[in-house]
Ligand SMILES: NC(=O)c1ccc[n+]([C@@H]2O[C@H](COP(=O)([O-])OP(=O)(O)OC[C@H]3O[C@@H](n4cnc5c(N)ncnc54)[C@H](O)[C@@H]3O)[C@@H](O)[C@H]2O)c1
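One chain comes next, on its own, written as structure tokens: the form predicted on its own.
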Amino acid sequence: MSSKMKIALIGYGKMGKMIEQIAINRGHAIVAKIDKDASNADWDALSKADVAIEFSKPDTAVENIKRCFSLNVPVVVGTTGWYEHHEAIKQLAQQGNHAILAATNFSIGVNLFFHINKILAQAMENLPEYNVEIEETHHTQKLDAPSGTAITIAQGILAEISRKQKWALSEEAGSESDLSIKAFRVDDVPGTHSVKYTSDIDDIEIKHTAHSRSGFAIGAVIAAEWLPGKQGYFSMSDLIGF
């Protein structure tokens, strides 16, 4: 664990409050708390932070990231649903020597799942008798569907299995080349993701079930401890090492 840091929280909802408690327990100080609408924004306090952790909303995340860049504050981003801006933000980070670590999921277990998912997809490339689909379930407060985690899982499969061309929500999938994602929203479900390969003979399934949101929060704080002093656009695979 790194030495004591000054952390700014951008997005002070349930996740922000959980991150706050974990960060304090790990010896860090919270120097700014900015709610997801930035209605109480203290940008001067943000400028004093060693690192910011951003869990706001898809429509405000990009501006929050740019604000951190302008203040030369490294930023860990857990907000999902802003992926059309990823390349532009990556270029800004590289051109301005800024630091950002963005992830669809900070859980160490989920990132191990991402790794296993890619290995399994590699094995399935030459087994066309198996069809593959993704299923994800989250709490009803989650704003985007499918989840960013499910999209990352889908991207891992699409990179390895040539017979699948793109992902689509199950109700929109219209071709065998579509990778179907079933998205469910149920009260009080932190996050469950599964990948199932189905053939006439058997099924093969891998699954990750979060018992609480604490795994996401701990991972975000670990990322915040890792990021300062670096330059560029990073992911959890950079942190974990695969």
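Counting begins at 1, following the sequence as shown. These figures come from a predicted structure and were not determined experimentally.
Below, we refer to the form predicted in complex with the ligand, which is not included among the displayed structures.
> When the ligand is placed as it is in the predicted bound form, which of 159 to 167, 77 to 85, 120 to 128, 92 to 100 ends up with heavy atoms within 4.5 Å of it?
Single hit among the candidates: 77 to 85.
> Just to be sure I understand the contacts: of 34, 30, 51, 179, which is the one whose heavy atoms reach within 4.5 angstroms of the ligand in the predicted bound form?
Of the listed residues, the single hit is 34.
> Taking any heavy atom pair closer than or equal to 4.5 Å as contact, tell me whether residue 10 reaches the ligand in the predicted bound form.
Answer yes; at least one heavy atom of residue 10 falls within 4.5 Å of the ligand in the predicted bound form.
> Find out whether any non-hydrogen atom of residue 115 is located within 4.5 angstroms of the ligand in the predicted bound form, and reply yes or no.
No, residue 115 sits far enough from the ligand in the predicted bound form that none of its heavy atoms falls within 4.5 Å.
> Verify the contact flag for residue 230: yes if a non-hydrogen atom of it lies within 4.5 Å of a non-hydrogen atom of the ligand in the predicted bound form, no if not.
Heavy-atom contact with the ligand at 4.5 Å: absent for residue 230.
> Can any non-hydrogen atom of residue 196 be found within 4.5 angstroms of the ligand in the predicted bound form?
It does not: once the ligand is placed as it appears in the predicted bound form, residue 196 has no heavy atom within 4.5 Å of it.
> Need the contact residues for 90 to 107: heavy atom within 4.5 Å of the ligand in the predicted bound form, sequence order, or none if there are none.
Those in contact are 103, 104, 105, 106.
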